[in-house]
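Next up, structure tokens for two forms of one chain, structure 1 and then structure 2.
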Structure 1
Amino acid sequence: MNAKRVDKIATGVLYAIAALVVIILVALLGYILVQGVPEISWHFLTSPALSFEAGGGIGIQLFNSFYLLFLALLISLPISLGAGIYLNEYAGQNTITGLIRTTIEILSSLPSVVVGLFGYLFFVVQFKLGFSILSGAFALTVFNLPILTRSIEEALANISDDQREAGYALGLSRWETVTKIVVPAALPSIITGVVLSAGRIFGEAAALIYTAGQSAPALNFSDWNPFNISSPLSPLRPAETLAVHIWKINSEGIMPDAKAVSAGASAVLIIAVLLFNFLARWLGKRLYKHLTAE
């Protein structure tokens, strides 16, 4: 067999593998959507879940998912921004920095169950926060910090040193250069990173079962005072998210339409993640254009 033929065969095989992978992945997406999309309606998206009758929705769970995501990002973004800046701009290339990086990588590869159990022990039991949005948000923060820190660090590292030197030449201190020049320039990729990580934590369930809890009490949507426990904004109420809800109705659900609800909720979850991805791309491009045109 000559090299040309081998080349052709190998190319063919690679095409086949790639096609197979695409087929598997598309079939997966298609399956979820085909099963779930017919269940989605305005009623389904807005009404509260029913525990033992048919016709329940996922309104509260959907709201909880977004609120939890918002709180988790609110806590994790500043921290990982600071950490990313320090790692990329200040830290020297030495053993300690290497050790710190390893520690962050360890955090990123921790099983989410372990993060969830730690959250249970630390936030729920130790700090007596109970099964609450706040506990859940902290657990998600632990989960999100390493991912976000790394993506921010990468975004900062991609900014060329010319920009920094220009800043120093203008007499700016290092910190001013970072906050006024480097971070704004890296903003498009930072935002892309944030939105992608948001997609990941949006679907997280294992870390939330024992932190944010498995119940979604009825909310009073006319009461936006965060200190009232039935208010949607209250951080101390238990909050089952969409992903936890899917897990729970598959395991415990006694409503007659459990299968339909879980299929519909899965589809909603996938669509949300899809939207996050598109949003990330679109925002990144948009901001990039905006910044470079100026």
Structure 2
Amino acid sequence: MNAKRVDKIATGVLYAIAALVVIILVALLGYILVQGVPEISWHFLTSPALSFEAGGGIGIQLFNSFYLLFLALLISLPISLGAGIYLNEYAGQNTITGLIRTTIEILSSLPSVVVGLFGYLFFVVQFKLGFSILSGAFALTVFNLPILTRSIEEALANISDDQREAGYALGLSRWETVTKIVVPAALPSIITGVVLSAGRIFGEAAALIYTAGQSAPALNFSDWNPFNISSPLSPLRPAETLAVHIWKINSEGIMPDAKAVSAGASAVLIIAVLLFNFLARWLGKRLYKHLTAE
């Protein structure tokens, strides 16, 4: 068998594997969307869930998911940005930084249920925050920090050293060069990483079962005082998210229309994650064109 024939066979096998992966993905997404999209309505998206009767929605769970996502990013983004800048721009190649990078890799590979159990023992029990949005946000921060730090570090590493040297030639300090040249140049990749990590956080369930809780108390959407426990903005109230809600209604079996609600909630979750991914690509391209004037 000559080299050309071997190359054609190998190429065909690779194309077949790629096509199989795409078919499986499309079939999975298609099944979820076909089953769930007919269940989605304005009433379904805005009304509270009902436990022992049909006709409930996912309004509170959907709000909780976005609120938790906002708080988790609010905590993790500044820390990840600082860590990424330090590791790429200031830290040298030595034993300590090697240990830090190894730790980041290990943390990024931890199962989310392990992060949830750590959050339960540390934030819920030790710090006495209870099952609350704050406990869930801290757990999601632990879950998101290593991935986001690695993403930001790689974004900064992709910036050419010529741009740094140009900043030094203009008399800028290292900090000024990083903040005024390197970070703005890496901004498209950083934002892409942040939006993709947001999609991952939005669909997380295991880490929140043990920290944010599995209940969604009635909220008073006319009360925006975060110090009132019935307020939607209260960080100390328990908060069942959309992903946790899907798991809960399928495991308890006390909802008459559990199948329909689960299908609709799954479709909403998939659509949200897809939107996060498309938004990341769109923002990255727009910012790149804006910053490079292409």
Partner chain sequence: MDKIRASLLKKSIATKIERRGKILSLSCLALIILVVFLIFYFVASRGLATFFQNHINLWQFLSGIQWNPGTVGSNGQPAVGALPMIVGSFLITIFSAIVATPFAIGTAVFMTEISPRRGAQILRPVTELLVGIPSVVYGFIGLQVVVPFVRNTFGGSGYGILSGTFVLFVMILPTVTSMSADALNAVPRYYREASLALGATRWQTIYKVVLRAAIPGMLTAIVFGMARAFGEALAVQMVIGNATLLPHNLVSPASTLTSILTMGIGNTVMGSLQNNALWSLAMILLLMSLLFNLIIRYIGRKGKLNHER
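For clarity, a rigid core is taken as the largest C-alpha set superposing within 1.5 Å between two forms. Here the structure is a predicted model, which is why all the values come from computation and not from measurement. All residue numbers here refer to structure 1's sequence, counted from 1.
Here the chain coming from the form predicted in complex with the partner chain is structure 1, while structure 2 comes from the other form. Superposition of the core reveals a Cα shift of less than 2 Å for L283 between structure 1 and structure 2.
In the core-superposed comparison between structure 1 and structure 2, I9 has its Cα shifted by at least 2 Å. Relative to the superposed core, A18 has its Cα moved 2.3 Å between structure 1 and structure 2.
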